[in-house]
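One chain comes next, on its own, written out as structure tokens in the form predicted alone.
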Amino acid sequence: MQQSTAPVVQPPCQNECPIHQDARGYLAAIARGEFDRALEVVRETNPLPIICATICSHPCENKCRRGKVDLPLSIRALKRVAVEQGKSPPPAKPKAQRSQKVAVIGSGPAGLTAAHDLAHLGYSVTILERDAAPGGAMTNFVPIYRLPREWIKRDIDAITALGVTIKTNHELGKNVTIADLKKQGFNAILLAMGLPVSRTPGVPGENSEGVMLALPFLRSVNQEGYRLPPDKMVIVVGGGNVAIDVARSALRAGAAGVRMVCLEAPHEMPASPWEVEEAKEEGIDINCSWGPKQIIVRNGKLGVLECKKVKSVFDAQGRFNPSFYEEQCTLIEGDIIIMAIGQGSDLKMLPDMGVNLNERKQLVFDAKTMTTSQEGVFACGEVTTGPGSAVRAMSTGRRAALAIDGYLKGEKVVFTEPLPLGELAPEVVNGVKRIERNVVPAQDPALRVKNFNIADLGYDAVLGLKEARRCLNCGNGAHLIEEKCIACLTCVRVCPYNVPVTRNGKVDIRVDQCQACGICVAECPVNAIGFRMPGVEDIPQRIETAMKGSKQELGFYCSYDSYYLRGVNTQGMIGIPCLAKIDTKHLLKAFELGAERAFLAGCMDADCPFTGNLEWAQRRVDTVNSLLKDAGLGEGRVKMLKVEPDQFKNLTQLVAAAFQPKEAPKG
């Protein structure tokens, strides 16, 4: 989001991300092997990169346009590649400082994001956290096998390095009030307290010994190392992500087995599909379309959960309003029942502090201004939106920071959301090369249930490169320079994706459909096509730089092969994002500047996303060689090298061999 009245257009992945991360940008950097740059791009908009690289619900993937071709990019896993492979300098404290102070109540993803952004805006920020350690739900409730606690600390340390102060064991209503904070000189207060209370279904027997609540259970497992008594069958009631976390944590905490019971049918479960699948892999039995009726105690011990069949979960208006077949019941045996049916806020202290709640004990809140009923008191996170993902909570923290900034400056803040690029046209989809999605390595299910080690192992550098190359670079390709176009239709003829079309005698290069191969740029006879991807339009300037110092040889390589060129001396070489973007004039310019010879090194990787790239590069090589020969300047002065990925380390030798004079035939 931004303070603007003119929305920008973004790739669908970036647009769908609640904090609008430049996924296209950091994927492109990973594809080039530039991991430091990838992490830099991530950090530009994400104050919690490590956390998001492991637990983000990755809504971006749902909108990835490659999903129309084969399968979406594994964007969250690629963010983790940036985090694990990249290095970035410690964050510097912002230079601009303002006199006002802001207090943030809660150190979950929303509060941390708001604090980060406010610090960058120059404010003095103090976070007050009720628990002994910061991180909110991420520290207390997210299982360790999903998010190691030292990873949380790394993200939080980067925020405190900006000058943000975090005071733990400070609970609103217990040892601090809003009035206290105002007396201490805080000019704005942000409520970001999350949803720390587990709900119960209100069925008979739910207060029996052996019945536990989801959030206290997760907290005890994560924070205190709680382990279940041996040989206990656990029943988890609920079908959301928290219920899945509880079920999988119970297995690791020593349960003999876990049975889940949820109201929803399999296709209705609110838990993320991949979380459900991983739970099934671990042997968790999921019983859908059943709701708890009562808990039966036998011989003083919990023994059975009686369930009734669900008729429907939602009413005719689509609202959550379950109905049941009261006479269709079943008994599910278990020794421990953990209720994971929802979460609530703990706001009972607010009315006494002058902050209003509605009749349902929810915060009275204006989403347009991020304000509560009390002057100078703002709110964000799940306390305002209800349960959701960490990244959605982060987006509300970002919006709250902008609202507070406007308030303290006496300015009106107008929020606008960017617009997404449209869908890929069927004729374009048909032309895109199919490339299999790379599976993210994970611990074997039989092994991972025996420990709390992170289950998702993540991509290594090479798998990350391969996966990142699948990106279609949506919106980052060719665009028409209308005043130069002569409507020769060359671009229409050469495009392998059917992107350029004619309308009323004019050419339209559909930017939203372009696949960024760059073939048309080099083929246009009047240079009427520009290119948005970095590293293309500045090729002439980079040639001039490379040719300084009486350089006699110039090489070009695909920048997607940069990783394979580690350790190779690339001085006097230029990386291009796909060699199909090389123009004959680029090669000729090298000779004009004194080159004796030039070469193109192209990768033979079958996973290259571009269609016909080496063929087009070879055409340009052949054309230049022909021109040089006709001009009496010699033969074979430009070579096209087709290199296997594992042979780039020998590039110097390959170039030397390519220009080695061939022996004349004997006899």
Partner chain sequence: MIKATHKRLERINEMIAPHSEVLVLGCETCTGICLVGGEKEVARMAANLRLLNRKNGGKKTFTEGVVRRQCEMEFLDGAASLINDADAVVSLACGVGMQAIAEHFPNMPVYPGNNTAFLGLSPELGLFSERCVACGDCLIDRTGGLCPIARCAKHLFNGPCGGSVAGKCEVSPDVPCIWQMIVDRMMRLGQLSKLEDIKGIRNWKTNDAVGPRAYIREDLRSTPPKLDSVVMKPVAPKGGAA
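Positions refer to the first chain, counted from 1. This structure is a prediction, so every number in the text was calculated from the model and none was measured.
One more form of this protein, predicted together with its partner chain, exists but is not displayed; see below.
Mapping the unseen interface onto this chain, Asp583 counts among the residues with a heavy atom inside 4.5 Å of its partner chain in the model of the complex. At a distance threshold of 4.5 angstroms between non-hydrogen atoms, Trp616 is in contact with its partner chain in the model of the complex. Although the partner is absent here, Leu627 sits close enough that one of its heavy atoms falls within 4.5 Å of its partner chain in the model of the complex.
At a distance threshold of 4.5 angstroms between non-hydrogen atoms, Asp512 is out of contact with its partner chain in the model of the complex. Think of it this way: in the model of the complex, its partner chain has a heavy atom of just one of Lys484, Arg434, Lys183, Lys280 within 4.5 Å, and the residue is Lys484. Taking a 4.5 Å heavy atom cutoff to its partner chain in the model of the complex, the contact residue among Ser272, Thr490, Thr369, Gln374 is Thr490. Segments offered: 45-53, 61-69, 629-637, 607-615. Contacting its partner chain in the model of the complex at heavy atom distances within 4.5 Å is 629-637.
Taking a 4.5 Å heavy atom cutoff to its partner chain in the model of the complex, none of the residues in 27-61 make contact.
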